[in-house]
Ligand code: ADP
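Just the one chain here, laid out as structure tokens, in the form predicted alone.
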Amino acid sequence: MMQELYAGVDVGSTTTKAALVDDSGTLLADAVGKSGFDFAGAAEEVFAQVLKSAGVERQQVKRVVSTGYGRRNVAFADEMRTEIFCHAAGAYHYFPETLTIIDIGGQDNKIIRVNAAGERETFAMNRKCAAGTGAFIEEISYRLGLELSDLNGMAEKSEHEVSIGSFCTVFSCTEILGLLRRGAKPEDIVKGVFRSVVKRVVEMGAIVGKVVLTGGVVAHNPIIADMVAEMTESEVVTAPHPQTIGAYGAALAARNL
């Protein structure tokens, strides 16, 4: 008998993710693509990618749940869930205990607290400013003329971390130009930028229990996990496939409907 499959599609403001799971919740395939201006098209594209990766046909997927900023644009979804719900579900599946889930996204950050039973207790989101998000890091890398993929390695080489005083993206860019004029090394500035991101995030809410990091920013910049552990004195882990954990949580929701 053919097993039933379930999918989740997470349409974020910057990237769109999809995940495919089986009856046991095992991840069979996931995919990431740019959201661009066509959310519906991006959802179709990443969904097709996971089907191809898993070697299955569309009709084999019993249910699809959409989540994220553009979840209403996924015409083929059977249900919708919030990104808060899906990130919590995905993280708790791997770490079934009291958790603080920190998601650093392209345009916003989330802190989600769940209890030992997996029930959400509180959450906080930062939506009003790009500071502390992936967009902030992207802007700084552009200003410094650096590739995003090079930032983590540069920060790890820093010997004299530079403090970035401003949380505002615009003011931070001005501050960084001043630091460069005074001879600060790019790697020291980059590490200071990561530090400012972590400061911004941990100030959003109380940290309780194990900390699970999710999102594309932490997927590409593992130094952030070290900084969160240092600043919160907590046990910090990065979720498996952190960039697609929201889509994975949506797929688990599809399985549980």
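Since the structure is predicted, the reported quantities are computational estimates derived from the model, not experimental observations. Numbering starts at 1 and runs along the sequence shown.
This next part talks about the form predicted together with this ligand, which is not shown.
- Of the candidate stretches 71 to 79, 92 to 100, 179 to 187, 106 to 114, only 106 to 114 contains residues with a heavy atom within 4.5 Å of this ligand in the model of the complex.
- Contact with this ligand in the model of the complex, judged by any heavy atom within 4.5 Å, is made by just one of 220, 62, 210, 200: 220.
- Between this ligand and the residues 174, 149, 122, 163, the one pair within 4.5 Å by heavy atoms in the model of the complex involves 149.
- Interface membership of residue 249, defined by any non-hydrogen atom within 4.5 Å of this ligand in the model of the complex, is ruled out.
- Within 4.5 Å of some heavy atom of this ligand in the model of the complex lies at least one heavy atom of residue 13.
- Heavy atoms of residue 84 never reach within 4.5 Å of this ligand in the model of the complex, leaving it off the interface.
- The closest heavy atom approach of residue 144 to this ligand in the model of the complex falls outside 4.5 Å.
- Within 4.5 angstroms of this ligand in the model of the complex, the stretch 199 to 217 places a non-hydrogen atom from each of 215, 216, 217, taken in sequence order.
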